[in-house]
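Taking the form predicted alone, here's one chain by itself in structure tokens.
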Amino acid sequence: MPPTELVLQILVNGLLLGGIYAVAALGLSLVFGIMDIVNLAHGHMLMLGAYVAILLFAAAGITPLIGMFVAMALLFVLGMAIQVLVLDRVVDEGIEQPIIVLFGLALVLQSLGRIVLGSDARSAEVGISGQSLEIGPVLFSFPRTVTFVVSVALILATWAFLRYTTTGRAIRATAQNRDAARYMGIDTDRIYVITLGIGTALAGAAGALLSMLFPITPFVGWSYLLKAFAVVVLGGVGSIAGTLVGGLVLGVSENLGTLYLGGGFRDIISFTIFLLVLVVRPQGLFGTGGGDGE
């Protein structure tokens, strides 16, 4: 039986990691809740965000906390371009066509990453790597603590944007009823473009933050897509509060699972949670299916 101090440390590490999982899942949840599109390329967009941060750090010493904003801007533009150039042409063809297109995009991004950047794992080891603050029997890793605070700030900023801005209210109206929103004068096509831009930007932010904690390869997209799915299903589609709680639950579950079962079970734990929630409570802890961003 592991000592109490070790279990407590694992719980804290899981909570701190869960914040990033919540940011990664928030973009996927927004796109699915508002556009009814399962973005299978979401994990690979996260991978792109991580590489933007890593390359900026390696080339110019720019910390990923700053590189994150560059990654978000680039991926926001990429997301809007994908919607305008690709998804707008197939969005009315049913749910299968967008899924096939985004699956193909994920494969393209993975292949391009391997060809251009190679298969070696990379990360951004910033100056605070390895530093920690000791509170009682628990060590708070500086990188994990900083990324957790930034993650919560991003989630709160997204919530405030959706609740208090004109564009945010238009996005929520489109999520509730696309046809009614269009009759009220909302340009729903433009809302879709902005929504996919925000979703991919959040994926880029999560990738940049993860680059400070874990090695990144062109193949990590599928793994983080699975984690994002697990968080969305756990918290409920379209629920920001549920996404945050789902991320924290997944982070703690993974860390406790690796303590008792080993690190090789990390992805299996995510998949198991995904399946269990689908069977027991498919609407998630907070989900109503409305996708209104509350």
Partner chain sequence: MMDRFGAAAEGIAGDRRRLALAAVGVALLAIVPFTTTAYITEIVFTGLVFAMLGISWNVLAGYAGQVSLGHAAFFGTGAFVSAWLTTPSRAGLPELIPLGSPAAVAIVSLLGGALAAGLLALATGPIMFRLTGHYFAIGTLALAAIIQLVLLDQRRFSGGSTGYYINGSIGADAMYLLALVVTVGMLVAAYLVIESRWGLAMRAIHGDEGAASSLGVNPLRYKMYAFVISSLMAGLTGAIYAQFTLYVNPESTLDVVWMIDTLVVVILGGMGTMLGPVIGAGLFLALDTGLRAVAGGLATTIEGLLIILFIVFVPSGLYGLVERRYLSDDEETETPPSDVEESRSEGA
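Positions refer to the first chain, counted from 1. Just so it is clear, the structure is predicted and the values come from calculations on it, not from any experiment.
From this point on, the text means the form predicted together with the partner chain, which you will not see here.
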**Report entry** Triple contact flag 61, 70 and 141 to the partner chain in the predicted bound form, non-hydrogen atom at 4.5 angstroms
**Finding:** no
Report summary line: The one option of 244, 54, 48, 35 with any heavy atom within 4.5 Å of the partner chain in the predicted bound form is 35
Report summary line: Picking from 184, 157, 133, 95, the single residue whose non-hydrogen atoms come within 4.5 angstroms of the partner chain in the predicted bound form is 95
Query raised in the report: Heavy atoms within 4.5 Å of the partner chain in the predicted bound form: which stretch among 71-79, 106-114, 142-150, 198-206?
Result: 106-114
Requested in this report: With heavy atoms only and a cut-off of 4.5 Å, decide whether residue 99 touches the partner chain in the predicted bound form.
Outcome: yes
Requested in this report: Examine residue 225 and determine whether its closest non-hydrogen atom to the partner chain in the predicted bound form is within 4.5 angstroms.
Outcome: yes
Query raised in the report: For residue 11, is any heavy atom within 4.5 Å of the partner chain in the predicted bound form, or not?
Result: no
Query raised in the report: So in the predicted bound form, does any heavy atom of residue 213 sit within 4.5 Å of the partner chain?
Result: no
